[in-house]
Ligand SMILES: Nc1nc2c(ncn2[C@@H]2O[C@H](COP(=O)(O)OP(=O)(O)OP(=O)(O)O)[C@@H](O)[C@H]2O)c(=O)[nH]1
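This document starts with one chain, in the form predicted alone, laid out as structure tokens.
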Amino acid sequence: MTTSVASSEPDLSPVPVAGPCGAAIDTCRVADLIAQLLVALGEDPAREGLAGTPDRVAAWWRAFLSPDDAATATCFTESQLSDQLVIVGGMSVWSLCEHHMLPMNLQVTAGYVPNGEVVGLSKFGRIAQHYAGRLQVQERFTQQFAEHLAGVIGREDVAVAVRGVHLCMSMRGVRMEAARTTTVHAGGQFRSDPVLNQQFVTLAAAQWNAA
């Protein structure tokens, strides 16, 4: 059994950059809109404490919506490995709920069964960061992570479990701070083999409880 834990200042340039869906991010326009929002909230964007806030918020949006590409996969040949369950956990990423544009923290655990090669461990963290850096829902994030990992290993034998804390539920609406949302994707052997599936779910839960 292999278990591994995978765990920046934004560029303040106002040059538009492509977001995860290919749309340009106009930081000057975003800063202007934030300033307008502050005015609409009864604030003075020029007062001490808020001076520079619109630019900082715009820079954050630019950095957040421009995550590193997760396309490059590093795999290592290990011809003697087979039927070993590899689990990578401890991955924590922030995303934004697209329904309320409030943050959600996603704790990610992923597993796969090697067949002649192993995936570089940092790859898992890059996949998580790539799909978290956008307006998102946890269910879609889980599916996207699993599909990307399956593409890396060339098989459907992957499992992904995600536990999320959603501020749209914790700080608004019902305001249940202890609420957690869990999503699980099981493909290939993880779907057809109940023992393998249970091993993964048990180990994923153990990592969350130890955090």
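From 1 onward, residues are counted along the sequence shown. Note that the structure is predicted; figures quoted are calculated from it, not measured.
Separately, the form predicted together with the named molecule exists; it is not shown, and the next lines address it.
None of the heavy atoms of V93 is located within 4.5 Å of the named molecule in the predicted complex. Although the partner is absent here, V30 sits far enough away that none of its heavy atoms falls within 4.5 Å of the named molecule in the predicted complex. Although the partner is absent from this view, G49 stays clear of the named molecule in the predicted complex, with no non-hydrogen atom inside 4.5 angstroms.
The named molecule is not shown here, but in the predicted complex it comes within 4.5 Å of a heavy atom of M169. Annotated contact segment (heavy atom within 4.5 Å of the named molecule in the predicted complex): 170-178, selected among 54-62, 36-44, 150-158, 170-178. The partner is not shown here, but in the predicted complex the stretch 127-152 reaches within 4.5 angstroms of the named molecule through a heavy atom at V137, Q138, E139.
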